[in-house]
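Have a look below at one chain only, the form predicted on its own, in structure tokens format.
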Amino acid sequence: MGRFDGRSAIVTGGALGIGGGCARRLAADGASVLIVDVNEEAGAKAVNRIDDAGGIAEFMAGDVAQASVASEMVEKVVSSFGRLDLLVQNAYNGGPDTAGSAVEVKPEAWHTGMDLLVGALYLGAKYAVPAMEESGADPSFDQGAWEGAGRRHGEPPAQNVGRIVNMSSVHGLLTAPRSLIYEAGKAAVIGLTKQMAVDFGPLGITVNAIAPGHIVTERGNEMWNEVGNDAGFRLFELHYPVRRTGVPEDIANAVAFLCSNEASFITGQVLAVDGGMTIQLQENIVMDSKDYIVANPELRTHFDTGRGTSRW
């Protein structure tokens, strides 16, 4: 039996990348998954991939920053699968207009970016939480007698009713220059996650966030192949104590754990799935990187332009 048999999930931005990895993992563990994404072609392929592996999935096209889409996706998952248990909020599609400082970013780009990075997560929870309450606890969950170490008073609290996992980033913990929208948005995700955890914990719904490091997705791999080289990629690997960058499955594994009943006493937390990148003193990384760059002057990364200059 899969750990999520009899449960259903929504994964926003689930057609490709981290979201695609999460959708596949939840489906492989028995969940019925609704993928919501603006990329219809990739979404259809993602569903076919899950179907071919023996899982259950459906696709819905839509921009989750729109209230009507957020409401519709919850209605659809309940009508298709009978309940809603898990919500993984991953959707984000950055663009060139999102780069820059507060002086450089245009107001319309700020509002669009924040609507998707933060507003969409508010909307997802707004419509998903009532559906999770209505669905009730995991059908396979047996709480047993309300007893154990310490005192127990009255009726047992609700448990394993729902899970919300919001995708933040190491950019929500640390900041990069000229990335106002992304840095502010991902930091806001952390505050939003903690606040929701306080509100929804009494309902038996936990809310946590993941902070991924450098994850090589399908598009990331294309960028590396187009612009970077092996020496440049090795530079990135050297920034991580585990000496490798991440893949979508690394994040999916963490999401699956936080969605499981084993994680029922974990809420309001930010789990950095970053190979240890954020635990290091930066001056050491800078000096080690300097030595490597001097020894490998031909290196190129996926951030480099055709003129050989960095994006900064």
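Note that residue numbering follows the sequence shown and begins at 1. Keep in mind that this is a model prediction, so the values were computed, not measured.
Another form exists, predicted in complex with a small molecule; not displayed. Remarks below refer to it.
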Can you work out whether A67 and the small molecule are in contact in the predicted complex, taking contact to mean some heavy atom pair no more than 4.5 Å apart? no
Any chance G228 has a heavy atom within 4.5 Å of the small molecule in the predicted complex? no
With the partner left out of view, is F81 within 4.5 angstroms of the small molecule in the predicted complex by any non-hydrogen atom? no
S168 within 4.5 Å of the small molecule in the predicted complex, heavy atoms: yes
If the criterion is a non-hydrogen atom within 4.5 angstroms, does every one of G136, N253 and S260 touch the small molecule in the predicted complex? no
Within 4.5 Å of the small molecule in the predicted complex, heavy atom basis, the matching stretch of 84 to 92, 193 to 201, 157 to 165, 101 to 109 is 84 to 92
